[in-house]
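Before any questions on binding or motion, here is one chain by itself as structure tokens, the form predicted alone.
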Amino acid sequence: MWEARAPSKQTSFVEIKKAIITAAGKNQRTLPLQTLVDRDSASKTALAIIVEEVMKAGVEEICVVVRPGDQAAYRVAAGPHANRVQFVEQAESLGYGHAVHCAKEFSGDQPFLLLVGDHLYLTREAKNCAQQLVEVAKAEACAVSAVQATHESKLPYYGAVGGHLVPGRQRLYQVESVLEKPTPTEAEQKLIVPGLRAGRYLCFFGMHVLTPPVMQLLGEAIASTKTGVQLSAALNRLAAKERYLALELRGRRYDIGVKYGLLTAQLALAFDGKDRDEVMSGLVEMLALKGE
């Protein structure tokens, strides 16, 4: 278990030094332990790739939320970054929001970067996805969720937001409402964002910078229900209480938990890495043999 540290006296967006990675879901727990070949041709676990993502954004302390008994495997999976990683256990499967709240003492009264352990992120920008998000959160001094314009057929897999473009800004939205895995009808009624193509909605990217009040809202939800607690419901309440934004990142998310997700993520890493030509040649040869 991680050791509690005394929280700072003042919340500041000058620096975001803490990150929480959730990996306690019943169908998620083994995914961050999977090994891939990264863009630098090195074999790494998905967890190590995520940890490197947040470290490049300036994060110094990382807390991974795991199921009881998984700490040892995750410590090994963190590889050379294990000394930066602390652990907290989610003893009961009570939802994603509950998993986040398990790290309340770790985050203290500071804003924190939040990621899911079964997504990998890629961008061709100079700054990676976490860096892009942290930079905007610092500048705006408020909670910011990364989003991606997503076809309505994918709504059963993601939380989604409704709102409007911040005047004079590109890809930055004022959030007015949040729904977890809405139906197309619900999305059409409550999550329309002016300017998006028809049939597309702003769905969560699996990455957020959140403020301490989110932990308070999650705590209230946990105290009032015996069923699962979702982060989306807390974020919907947050949008009514304080300024809360969504940023459409220049990048892509790859969910390694869906069918062929690990394969798709591996191909994306390969096409964006040092071995691109070798992988392309192999695929062309495979397709040629298939056609014979």
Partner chain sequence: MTGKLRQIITASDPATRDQSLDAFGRGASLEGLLQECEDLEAFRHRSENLYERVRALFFLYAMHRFHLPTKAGMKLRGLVPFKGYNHLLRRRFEEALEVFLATQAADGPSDAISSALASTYYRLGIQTLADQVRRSVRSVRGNQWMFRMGHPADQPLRIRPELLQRSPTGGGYPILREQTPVRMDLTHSAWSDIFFLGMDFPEGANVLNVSVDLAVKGRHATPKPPIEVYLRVIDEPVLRLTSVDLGTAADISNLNEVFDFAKDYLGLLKAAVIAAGIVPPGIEGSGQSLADLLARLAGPGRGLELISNVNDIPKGSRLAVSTNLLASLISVCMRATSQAQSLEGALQENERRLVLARSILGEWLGGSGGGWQDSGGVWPGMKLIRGAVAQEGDPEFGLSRGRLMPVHRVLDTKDVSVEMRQKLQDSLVLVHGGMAQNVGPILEMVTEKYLLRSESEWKGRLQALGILDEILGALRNKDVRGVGAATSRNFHDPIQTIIPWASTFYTETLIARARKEFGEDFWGFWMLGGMSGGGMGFIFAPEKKQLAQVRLQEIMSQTKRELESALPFAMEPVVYDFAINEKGTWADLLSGEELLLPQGYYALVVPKLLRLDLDSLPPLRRAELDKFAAASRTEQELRGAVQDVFDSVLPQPKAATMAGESLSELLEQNGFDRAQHEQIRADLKEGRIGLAQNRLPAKTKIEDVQPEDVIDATGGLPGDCVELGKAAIANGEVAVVTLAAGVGSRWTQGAGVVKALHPFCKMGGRHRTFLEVHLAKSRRVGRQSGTMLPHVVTTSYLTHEPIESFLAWQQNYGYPGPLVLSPGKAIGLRMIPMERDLRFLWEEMPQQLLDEQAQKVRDSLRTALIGWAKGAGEGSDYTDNVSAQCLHPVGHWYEISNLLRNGTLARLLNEQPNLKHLLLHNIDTLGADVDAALLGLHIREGACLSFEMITRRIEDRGGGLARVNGSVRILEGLAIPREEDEFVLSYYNSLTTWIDIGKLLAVFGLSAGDLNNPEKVAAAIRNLAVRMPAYITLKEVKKRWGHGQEDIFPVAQFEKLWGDMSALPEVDCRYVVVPRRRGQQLKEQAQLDGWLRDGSAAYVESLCEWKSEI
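Remember, it's a predicted structure, so these values are computed and weren't measured experimentally. Numbering follows the first chain given and starts at 1.
FYI, the form predicted together with the partner chain isn't displayed, but the following is about it.
Asks: Though the partner chain is not shown, can you say which of A72, A149, I192, A139 has a heavy atom within 4.5 Å of it in the model of the complex?
Replies: Of A72, A149, I192, A139, the residue with a heavy atom within 4.5 Å of the partner chain in the model of the complex is I192.
Asks: Tell me, out of Y96, Y121, F112, Y201, which residue has a non-hydrogen atom within 4.5 angstroms of the partner chain in the model of the complex.
Replies: After the contact test, the surviving option is Y201.
Asks: Indicate whether the partner chain has at least one heavy atom within 4.5 Å of a heavy atom of P156 in the model of the complex.
Replies: Although the partner chain is absent here, P156 would touch it in the model of the complex, with heavy atoms inside 4.5 Å.
Asks: Is the gap between E188 and the partner chain in the model of the complex 4.5 Å or less for some heavy atom pair?
Replies: So E188 counts as contacting the partner chain.
Asks: Please tell me whether any heavy atom belonging to P80 falls inside 4.5 Å of a heavy atom of the partner chain, as the geometry stands in the model of the complex.
Replies: P80 lies outside the contact set for the partner chain.
Asks: Just to confirm the contact call: exactly one of 208-216, 139-147, 176-184, 161-169 touches the partner chain in the model of the complex at a 4.5 Å heavy atom cutoff, so which is it?
Replies: Going by heavy atoms within 4.5 Å, the stretch is 176-184.
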